[in-house]
Ligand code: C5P
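Here you get one chain, nothing else, as structure tokens; it is the form predicted alone.
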Amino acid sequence: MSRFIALIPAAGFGARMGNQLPKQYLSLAGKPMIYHALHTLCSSASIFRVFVILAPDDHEWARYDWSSFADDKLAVRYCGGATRADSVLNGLKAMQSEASIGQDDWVLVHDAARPCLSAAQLEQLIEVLAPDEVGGLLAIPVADTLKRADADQRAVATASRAGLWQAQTPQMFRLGLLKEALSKVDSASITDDASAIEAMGLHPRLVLSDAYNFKVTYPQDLALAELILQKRETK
């Protein structure tokens, strides 16, 4: 049977946060931000292993206590690349060096900056996509009106939102397929793994998520993420 393996590319910096500390290590509810995604993934009985892909010169990881995560489930590799896609591809290659992981195993690529992924969302993604021939991703339909702007940031047109979805993570594809797809694209031109799969002429399935699984991008997002996490803890 195919295994389910999570991969978190965490070699980036997150310049829009305006902080000297890499975004994945910013404090959120008393823990580094990446901790919360790791907690959800490592706690899942469906996930066989969780790989974290760090920059080769990352010195922050070692400053924190990760002992709450089992050593046989959490694997850290210092092989991150110049882009997110490069980090994912390098991580896939690192996975292949392990005899227990094969080409047909599922890889769930998740952003370190999406700390509010819930266990229910994760299990729904796996349940829906496990029998799928291509794979897919969590996503939500676009609800807001979309404006197209000119160089002066003036609205020049209202774009139709019909059929538009906002991509989230995890994005789940077979290891061999995802590695092939990422090897064929310009890594600087894609922002998620599904777009590399689409470039092969395949059509990833969109699995309905919710707005809580948002990406922390700006400083004010931290406060919202903390409220969501605190609300879950009180249930």
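Residues carry their position along the shown sequence, with the first being 1. Remember, it's a predicted structure, so these values are computed and weren't measured experimentally.
Although it is not shown, the form predicted in complex with the ligand is what the next lines describe.
Peer 1: Under a 4.5 angstroms heavy atom criterion, identify the one residue in L137, L117, A112, V107 near the ligand in the model of the complex.
Peer 2: Result of the distance check: A112.
Peer 1: With heavy atoms only and a cut-off of 4.5 Å, decide whether R77 touches the ligand in the model of the complex.
Peer 2: Outside the cut-off, so no.
Peer 1: Just to confirm, A82 within 4.5 Å of the ligand in the model of the complex by heavy atoms?
Peer 2: Residue-level check for A82: yes, a contact with the ligand.
Peer 1: Select, from the options 43 to 51, 23 to 31, 66 to 74, 206 to 214, the stretch whose residues sit within 4.5 angstroms of the ligand in the model of the complex by heavy atom distance.
Peer 2: Residues of 23 to 31 come within 4.5 Å of the partner.
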